[in-house]
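Starting off, we have a lone chain in the form predicted alone, written out as structure tokens.
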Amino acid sequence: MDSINLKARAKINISLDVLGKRDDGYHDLSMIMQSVNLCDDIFIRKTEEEGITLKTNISWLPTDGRNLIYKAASEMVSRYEIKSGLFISLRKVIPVCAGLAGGSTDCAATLIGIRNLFNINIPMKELMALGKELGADVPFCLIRGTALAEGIGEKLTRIAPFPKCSILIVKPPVNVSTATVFKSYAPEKVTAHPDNEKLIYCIKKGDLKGTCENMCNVLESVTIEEYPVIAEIKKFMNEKGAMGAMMSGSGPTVFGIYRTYYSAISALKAVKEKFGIKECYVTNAFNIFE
């Protein structure tokens, strides 16, 4: 095999709680994460020329060591003594700086792709440890599906597949720094915390209504204060039939959960008309056990 194509799937947070700050500067988290079928496309090919060449469809994206794809490829080449050169092409669809783990999922797909392309026998545990070094969300993006994530996001427990639904994803035209959001997080401003045990129970039972009613992201207390449009989009999604709407990760992306595809498409059209936002997508949950 000389080349490989991969799908790098976005994630949304069904819940996100900050438990406290760690000595290393990171925060301990407890959150339920879900892969969705909004994907970037990655193509990797062996080359006779040495080195790594990365091309993207977005002119301003870095294609050197600042890019997690390049970092992942460099680590794999170094650690596993890969002699071949690599050409990597990224077709970016997932919004950037959006709270959807776009960079992390590209990184994870690159790790998997190079492992498979060169038939390297790497246990998933070892690959996840490498992924953690590259980014806190990378281990989840390697296993995908539905999971409870703890620690900084690397301690993962698979849970039951997410109930069937359609998901409207809307990324307003603002960019959010995850580091800045966590730095600004003030526990005293949070009025509600997620009940992850209850959420896991609802997901296991296939109770979409109960799941939506219990979604909660404490980082909304920071990001919405800076960007009120997030709250406006949430409110509008609910008015347009969402069973629940919430910000994903540190934002600014908002997702709404709809019972049917047609209701989600109708809401998408309404959001575009009202807010003039281009980055709107209807997708669904990616469940590895189905």
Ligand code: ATP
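Fair warning: this is a prediction, and the values are worked out from it, not measured in the lab. Residue numbers run from 1 along the displayed sequence.
Beyond what is shown, the protein has a form predicted together with adenosine-5'-triphosphate (ATP); the following relates to that form.
**Q** Please determine whether Leu90 contacts adenosine-5'-triphosphate (ATP) in the predicted bound form, using a 4.5 Å cut-off between heavy atoms.
**A** So Leu90 counts as contacting adenosine-5'-triphosphate (ATP).
**Q** Against adenosine-5'-triphosphate (ATP) in the predicted bound form, would Leu61 count as a contact residue? Criterion: heavy atoms within 4.5 Å.
**A** Yes, contact at 4.5 Å.
**Q** Is Ser221 near adenosine-5'-triphosphate (ATP)? Define near as a heavy atom within 4.5 Å, in the predicted bound form.
**A** So Ser221 does not count as contacting adenosine-5'-triphosphate (ATP).
**Q** Does Pro161 reach adenosine-5'-triphosphate (ATP) in the predicted bound form, with heavy atoms at most 4.5 Å apart?
**A** Judged by the heavy-atom cut-off of 4.5 Å, Pro161 is well away from adenosine-5'-triphosphate (ATP) in the predicted bound form.
**Q** 230-238, 22-30, 62-70, 257-265: which one contacts adenosine-5'-triphosphate (ATP) in the predicted bound form at 4.5 Å, heavy atom to heavy atom?
**A** Result of the contact check: 62-70.
**Q** Only one of Pro194, Pro95, Pro172, Gly145 has a non-hydrogen atom within 4.5 angstroms of adenosine-5'-triphosphate (ATP) in the predicted bound form; which is it?
**A** Only one option qualifies, and that one is Pro95.
**Q** Can you pick the one in Leu111, Leu168, Leu86, Ala101 that has a heavy atom within 4.5 Å of adenosine-5'-triphosphate (ATP) in the predicted bound form?
**A** That would be Ala101.
**Q** Only counting heavy atoms and a 4.5 Å limit, does any residue of 151-181 reach adenosine-5'-triphosphate (ATP) in the predicted bound form, and if so which ones?
**A** Sequence-ordered list has one entry, Thr178.
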